[in-house]
Each structure stands twice: as C-alpha cells, then as structure tokens.
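As a starting point, one isolated chain is supplied in structure tokens, in the form predicted on its own.
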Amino acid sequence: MIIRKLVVGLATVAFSLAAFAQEPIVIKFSHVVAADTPKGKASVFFAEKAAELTKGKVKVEVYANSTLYKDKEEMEALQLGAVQMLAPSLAKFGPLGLKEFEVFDLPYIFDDYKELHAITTGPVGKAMLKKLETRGLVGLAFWDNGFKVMSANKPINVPEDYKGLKMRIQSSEVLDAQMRALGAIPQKMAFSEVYQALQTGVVDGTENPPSNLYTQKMHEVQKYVTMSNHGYLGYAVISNKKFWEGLPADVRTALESAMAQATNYANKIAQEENDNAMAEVRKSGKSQITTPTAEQKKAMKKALVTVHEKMASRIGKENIDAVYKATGFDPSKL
C-alpha cells in the first residue's frame, strides 16, 4: 500500500512538473505611449514574433499608454523585476548616471535618418547599449520614433518666438538647456500629464514627434505646430539583466531574432507613421502647421548648437566628437 501510494504520488508530482514546464515564460512589456504609435505597434510585433519563434515558450504581454507604470516609475519597476521589458526614451538614461545617452537629445546633431542610424546601428551605439549592464540592464536595440516638431499657441519659427514660453520637456538636462537657449522656460513633466497641462495652460507648448502629438490629441489644444525637426526622439529596448541572462539559451536566441525583426519593423514604420500623423493634424484643422524657411532654420541652428558645447562636460566631449565623426557634422560651418 505504501509503495502504491508512493508511486501514485510520484506520478502526480511528475504530471504537475510537466504541466508547469509547459507554462509559457511571461514577459511584461510596459510603455507609456499609445498602442497606435511606432513603439506601440513595434512592441506588439515583437510579442507576436516572440510567440512564433519560441514556439509558444514565451508570452509577451504588452501594456501600452502608461496602463502599468508611468514613465517616472517604469525604470525602477524593471530594476526590481516587476516588469521584464521596457522601451524608454533615450533621455531616461541620464538620470541613471549614463549621461552619454543624452547625446541623442542634442538639438540638430542629426540631419536625417542616415546620420542617425550611423550611430544607432554602428559601434558607438553598441558601446552605449553595453554600458547599460552596469545598471543591471541589458540593451537589446534602438527603436526610432522620429524627429520632433514644436507646438504652441503662437507661431514659433525663430528663437525670439520662444521667449517666456513655458515649454514641457522630458526629464533631461540637455532639453532643459535647449529651451533656455531659446529663452523659454522648461517644465519637466510626465508624458501622461502633458495634454491636460496644455489644455489648462499650465504649459504653453511642447516638443514631440508627430505620432505622439497626434495620438495624444495635443494638436487639439495647440494652435500652431512648427515643422522644426530640431531633435530626435528614440528608444532603447531594455530588459532586466538578471531575468534576461536567466532565460534558457534557445529562448534567448529566439527572442534576439524576434527583436531584430521588430527593430527593422519599428524603424521602417516610424517615418510613415509620423507623415500620416501630420496629415491627420492638418486635416483636423485644429492646428496651423508652419515650416520654417531656410533662414529661420539657420537662426534656430545657430542658437541651439551652443547647447552642444555647454553640455560637453556633462555628456563627455569624446562622446559628442564620436557622433560628429560618424555623421560628418561640423558645428563651425553653421
């Protein structure tokens, strides 16, 4: 009887372990933007590819639009293991002590995607992702959102137009210096709070890639949008290092492949999504869209390139020079 019970018990345990082994690994992927933005769509694409390439061993649960954590909370949640994957904007790494990431915030440091991708897909970008490991993170990829436009309730085409305006920014010392260089008053604020702040006049304007501007309906409470394309907003897809390295090798390899495909997809749709967003903003008739003349853009560049020199001691002159070298940028020619 005892032996029979033991056999039955062992069989039950074996069945339970087999059932447990079949349970998928759950990855919670949290982000703060809308589901129909480039990042939102790319995260869902990654989830689908992860399930496909791991043959169901992994289930990625995507939480969009700050439904799980706000942008001020999500990094700590990742480090504590409450979520397993994020795609925070590159400005979020400066507060972690990785100030070299703030090179991406410098105004007018990239003229186009070709120059940008020389960094994000080249040795400079790879070295930056590697440094995340010192903070218990693993850098998996850079994802584009796009180049930013300015918005306000008055035309803002030249530096003088910005004087005294309260402009919302991400938590970035570089963006703070950018707005101050224009004579504006920077206001650091969580992304989820921006629409209401614009609506109630707590801030006068902000900067965003068009897809964020449109999906968050900011154009409905901003009379003017300026196609300044003055700065870049992108993301680093990251995971908790302990979690990532604890995954079975075959699962990790499959997820890396899924991430490579998702990155190609994200970067491919970024410009398309932004173009479509601007078309919708224009169609809404709620914001007047202006495009600076060549002379106005030159005046903006001259005012804002001073931020590069001012931030050199913070970001590291060697980091800025590495970007200059890779992109061919020469501020002395402005």
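Start at 1 and count along the sequence shown; that's the residue number. As the structure is a prediction and not an experimental result, all values here were calculated from the model.
This next part talks about the form predicted together with a small molecule, which is not shown.
For the marked spot (28, 43 and 83), a heavy atom within 4.5 Å of the small molecule in the model of the complex is absent from each of the three residues. Contact annotation: of the candidates 214, 232, 101, 235, the single residue with a non-hydrogen atom within 4.5 angstroms of the small molecule in the model of the complex is 235. For the candidate set 92, 241, 252, 166, a heavy atom within 4.5 Å of the small molecule in the model of the complex is found for exactly one residue, namely 92. Interface residue remark: residue 208 is counted as part of the site for the small molecule in the model of the complex, having a heavy atom within 4.5 Å.
Contact check for residue 191: a heavy atom falls within 4.5 Å of the small molecule in the model of the complex. The small molecule is not shown here, and in the model of the complex it never comes within 4.5 Å of any heavy atom of residue 172. For the chain shown alone, residue 33 is a contact residue for the small molecule in the model of the complex, at least one non-hydrogen atom being within 4.5 angstroms. Stretch 33-41 is the answer when you ask which of 295-303, 33-41, 269-277, 54-62 has residues with heavy atoms within 4.5 Å of the small molecule in the model of the complex.
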